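In structure tokens, one chain follows: the form predicted alone.
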């Protein structure tokens, strides 16, 4: 008999169903035992009593988190017994068969709360148990739906989903790279991508015109509530498009996706602020436009920020980029960029999307001519040999008819945090790192044995 998802029982009164899941709660009322059975879809109440004969004795053994299968008949609950707090609250299951599929030890942490009051180390050590919480399962379903709706929107717009390499070369994205030693090339290393920035631009040179992927990205940076060593992003790039056109396309995508998921957007079209206006009005380029009433009603307040300074002074007094070096200067500032003049006044075509106080997306129109990209690195103090060694492949590619293009990356975790009303990135990832930078469940980072170190031509100095 085919298994029935628990939530479907509300529409199957009088029918026989086959359910399987975990014992959420067991309540013994003397001669009657109530079991709340839980699967991914929800809860159902199963009632055992003297009329269930030998099943009653088996039910008496059950404990929380045991895995069971129940075949039974869906009955309508008496009016006074209806539970309006759950989706199946108008029905209950009269069991015909009960099978214990697996027993469970007492869990090392309570699973009948939302988990917010439990310390992070315990939750992530036993993440496979922590994820049984309805709140976290809801967040992961939300994440899955968000990605699916984005995909469907982009496919309808003619985008092609393309994967780019994980093992790559270092790239100046503003953070430290995670590096991977090469066994076949002693003393040399791959870098894990901070973003697919260069590859997606090369795909535009290749003539794909509309690209996207759900990209895994890695950054060895200091951790905080909304930032981890690894994250996922909706990565997009489009050829033959300007800033206004791309922002319009992206705004349409976000609107279609989040409204399709049942959310309300505060203002459409999204308000647009220059970086200067944002700093003067809000004191930051990430801000929250919601009122208290908006917050209570789960409203999403999106806004664009554009016209960012291209360069800023680093701690050592040298010029560095504010977002990434592959952006196009505003058309009226291209001559300044090429000549290296008025560096502090050059604005870029960068655009950031903010929502409810978080930056949920960032992109720009890109440099597509070799002289412009080279000028950026010249301003940053790179010599010709250094530019050629690190970016010669990009400069070479741009010589062969690179089209104008631009794109954006939407951090999936930050977007889901805003939708779910969560404050921590770990609440919307299945297996996040701890705040000390260790993995969930598994013990990593860890030491390599001597054989592995030898194969990789590595020596550890303490």
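Here the structure is a predicted model, which means the values were calculated and not measured. Numbering follows the first chain given and starts at 1.
If you look for the form predicted in complex with a small molecule, you will not find it shown, but the lines that follow are about it.
Visitor: Is residue 349 close enough to touch the small molecule in the model of the complex, meaning at least one heavy atom pair within 4.5 Å?
Guide: Close contact is absent here: in the model of the complex, residue 349 is far from the small molecule, nothing within 4.5 Å, heavy atoms only.
Visitor: Taking heavy atoms and a 4.5 Å cut-off, does residue 139 contact the small molecule in the model of the complex?
Guide: Residue 139: no, not in contact with the small molecule in the model of the complex.
Visitor: With the partner left out of view, is residue 324 within 4.5 angstroms of the small molecule in the model of the complex by any non-hydrogen atom?
Guide: Residue-level check for residue 324: yes, a contact with the small molecule.
Visitor: Might residue 417 be said to contact the small molecule in the model of the complex, defining contact as any heavy atom within 4.5 Å?
Guide: No, residue 417 is distant from the partner.
Visitor: Exactly one of 409, 70, 412, 37 has a non-hydrogen atom within 4.5 Å of the small molecule in the model of the complex; which residue is it?
Guide: Filtering the options by heavy-atom distance leaves 409.
Visitor: Though the small molecule is not shown, can you say which of 195, 88, 356, 213 has a heavy atom within 4.5 Å of it in the model of the complex?
Guide: Of the listed residues, the single hit is 195.
Visitor: Specify the contacting stretch among 177-185, 195-203, 110-118, 128-136, defined as having any heavy atom within 4.5 Å of the small molecule in the model of the complex.
Guide: Going by heavy atoms within 4.5 Å, the stretch is 195-203.
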